[in-house]
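This document starts with one chain, in the form predicted alone, laid out as C-alpha cells.
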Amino acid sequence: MKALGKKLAGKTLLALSVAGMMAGAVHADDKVLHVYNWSDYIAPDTIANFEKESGIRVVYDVFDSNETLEAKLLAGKSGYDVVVPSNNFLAKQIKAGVYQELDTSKLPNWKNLNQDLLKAVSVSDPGNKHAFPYMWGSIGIGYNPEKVKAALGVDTIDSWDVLLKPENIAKLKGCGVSFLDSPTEMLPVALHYLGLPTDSQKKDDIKKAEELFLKIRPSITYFHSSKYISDLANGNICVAVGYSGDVQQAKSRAAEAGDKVKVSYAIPKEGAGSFFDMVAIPKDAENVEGAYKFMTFLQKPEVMAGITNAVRFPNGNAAATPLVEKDITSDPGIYPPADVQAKLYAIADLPAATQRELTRSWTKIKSGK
C-alpha cells in the first residue's frame, strides 16, 4: 500500500587489484543481508547505520506492489532474508508456508511494539507468530471542511454517522460523496458500524451490511479507489472514504494549487479499517541470524522514529512515538489518538466463498438494486 518510488542503487564491486579486492569482497553468508522493502519507505541513514553497528553488509532492493513481492516469495528461493508485505497478503502467504515463525527470544526490543496494533494485526497473523508492524495507515474520511459546514453546519467530521445515516449523507449529495470500490474494505465499515465482526463469514451479517449501504446508495456519487484524490484536491467532491495516505496526497495537491481548497482527514470515533506493512523472514532465508539483528535494530525507538520522520507514516513502535517530530504526531490523520487507535481493525484475509459473497453484495450496492 505504498506509493511508487525510485529503486535504491546497489553497491558495485570494482575489479581492480583483483586478488586483494576479491578477498575482501567475498563475505560469509552471515555478513550479507538481503532486504526487500517498499520504495521510499526508509530513512536515508537507516541502512548505513545498521551496517556500521552490525558489520553486516545490506543488499537493499525495493518493490512497488504486494503482487511483485508475492510472486517472488511463492516462486521460492527469493534470495531475501527480510521482506515487508502488507498484512492481508501476509495472511495468505502464511497459509502457503512462505514464512518462518519468529523466535521472540532473539528480539529483545519486541517490548517496544504497540500492543494495540499487535492485537489488530493478529487477524492476519494469529498470535503474531510470523511478523511485526513496520508502518501502517487507516481507511477513514477525507473531506472539504468548508463544503461540509455549508451542508451540515459542523466544522469537523468525527463519526461514520455523517455518511451511514441516510438523512445526513443526503445533505452531502449535492457536493459529492465517494467510497472506495472495494468490497473487502467497505463492507467491513458497515459491519463494524452495526457492531458485527468485520471478518464475519455469516451471510446474514453480510446481508445487513448490504442493506445499510443500499439505504445510502442514492446519495453516493461514485465508487472508485483513486479518482477521489484529485476530486478532493480540486473541490469536485466534498467527502471521500479512502486511504489516509491518499487523503494526505490530496491535501498536498490542494496546497500546491494555492490552498484554495482545504482538505481534512478523520478517523471516525467508532473505529476504522487499517492496513499494516509487516516485517517478516521468508522460510528460505539464508541469513536468519542477520535478519534477527536487522529486526532488532528496526525495533529500536530511535530508529523507527527516524524512519517515520522521513516518510511521514506512523510506525508500529510505541516507544518511538515521543521521538517522532511533533508536527507528525500532532496530526491526527497520521498519528491518531490512542483511544481511536485502539478501535482500528485490520482487513482480514477471508475464505474464497466469503469473498464471493462480499463481491455479490457489492455488485448489488453499486447498481443500487
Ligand code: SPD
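Throughout, we count residues from 1 along the sequence that is shown. Fair warning: this is a prediction, and the values are worked out from it, not measured in the lab.
As for the form predicted in complex with the named molecule, it is not shown, yet the points below apply to it.
Only one of the listed residues (265, 179, 294, 243) places a non-hydrogen atom within 4.5 angstroms of the named molecule in the predicted bound form, and that residue is 243. A heavy atom within 4.5 Å of the named molecule in the predicted bound form is found for one listed residue only; from 86, 114, 124, 287, this is 86. Interface residue remark: residue 66 is counted as part of the site for the named molecule in the predicted bound form, having a heavy atom within 4.5 Å. Taking the partner from elsewhere, residue 213 is found to have every heavy atom lying beyond 4.5 Å of the named molecule in the predicted bound form.
Residue contact with the named molecule in the predicted bound form: residue 39 places a heavy atom within 4.5 Å of it. For the chain shown alone, residue 50 is not a contact residue for the named molecule in the predicted bound form, no non-hydrogen atom being within 4.5 angstroms. Stretch-level contact analysis of 150 to 158, 171 to 179, 230 to 238, 273 to 281 against the named molecule in the predicted bound form, using heavy atoms and a 4.5 Å limit, identifies 273 to 281.
The single residue of 301 to 332 lying near the named molecule in the predicted bound form is 313, the criterion being any heavy atom within 4.5 Å.
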